[in-house]
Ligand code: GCO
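Next up: just one chain, as structure tokens, the form predicted alone.
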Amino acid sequence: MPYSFPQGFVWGTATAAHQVEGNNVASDFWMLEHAPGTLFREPSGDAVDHFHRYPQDIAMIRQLGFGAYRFSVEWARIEPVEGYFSIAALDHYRRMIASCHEHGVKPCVTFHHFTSPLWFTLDGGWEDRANVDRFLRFCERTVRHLGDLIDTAYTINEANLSATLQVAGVFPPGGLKSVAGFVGEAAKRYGSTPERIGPFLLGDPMKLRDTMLEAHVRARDVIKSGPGSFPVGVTLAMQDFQALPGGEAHVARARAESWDPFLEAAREDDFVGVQTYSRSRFDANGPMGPEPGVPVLIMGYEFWPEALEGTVRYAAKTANVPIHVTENGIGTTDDAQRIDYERRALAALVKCMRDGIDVRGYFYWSLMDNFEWLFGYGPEFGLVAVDRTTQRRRPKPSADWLGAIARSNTFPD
């Protein structure tokens, strides 16, 4: 029978500043995208010009039927040079948050989503735990300017991502920078060294994990000490780790190294954000590739919408706090496949909720097709297509399908 979500359940969609705003020239990723020999398929460039077009985009979110928008504020815009905070940039994000309120959309703000100021990354970045204080200073200054208008805050997006990709066999020990020479060469061009540069995603996964864990725990208290009163949590990259016979110990180790430290810390948070796209399988030899016969998407992982059930159950059991599904979606040019993915993922989520798991909201990734990091503009995750020549937005059928569920707050049988 149809399932009615609890009153107050939050339906939203999401973006990240660097992926949609365009021309984030003071950031570390802008430098890496333009480095000779870069692994980035293409530079982000103008992206989808959300920096200037956010009023129409936020209005579109409401028109599609969603009541919340999760987006990030860009540290590299707010503090482009160490110690200098741009009031113009802070005012820009304040106007964005105000626009959300004007359209009846909850503003859900992420303080760090992958990108950092270039000066920060060149001087140890996320590999150096001494840099946590720099992040806290940014959080304190930003929440002081914006906090009275924020509805929900996330300290760091997918703070465990590199560790998760390493234990799943995607990243090598030492991270991508250990095998991607362009990172070190870029560092030298800017007066740093291959050893000193510490970019998120490309750096040493376990160093990044440890620094970001400390940053989250300490930033949580800094953000809460500012103006406003709103829940604060962290979002985690969680593939559904599945054990084939003999793979149980590998799964236990993978969880312990990539998820558990954050989920245990989240017991002191207001919620934990679960971000799931697919699964990873392990046998007695460790991580396995995709299962024969299961479709593989452009990002290289399986079409496996049911993964959401396993990660939500594990996060809820381990952290014992409410769950927000802060990212879930699919990169595909086949919008019918997107609807099929969403239907199956939401069915998996409903199973969790029928069993009493406290899930407070669901955010589809992403609002618009945008810059997907190393993959450039190839993967199309958006509910809305964008012609990047004209910047014209065009909602897809999947936007209407998911928006109707959001409006009714009901999942059909």
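This structure is a prediction, so every number in the text was calculated from the model and none was measured. Numbering starts at 1 and follows the sequence shown.
What follows is about the form predicted together with the named molecule, which we do not show.
- Between the named molecule and the residues Phe381, Phe29, Phe66, Phe363, the one pair within 4.5 Å by heavy atoms in the model of the complex involves Phe381.
- A heavy atom within 4.5 Å of the named molecule in the model of the complex is found for one listed residue only; from Phe135, Phe282, Tyr277, Phe111, this is Tyr277.
- Proximity of Glu327 to the named molecule in the model of the complex: non-hydrogen atoms within 4.5 Å are present.
- Of the heavy atoms in Glu127, none are within 4.5 Å of the named molecule in the model of the complex.
- Though the partner is left out of this view, Trp373 does reach within 4.5 Å of the named molecule in the model of the complex, counting heavy atoms only.
- Using a 4.5 Å cutoff between non-hydrogen atoms, Met299 counts as a contact of the named molecule in the model of the complex.
- Contact with the named molecule in the model of the complex, judged as any non-hydrogen atom within 4.5 angstroms, is confined among 265-273, 338-346, 157-165, 89-97 to 157-165.
- Residue Gln19 is the only member of 3-25 with a non-hydrogen atom no more than 4.5 angstroms from the named molecule in the model of the complex.
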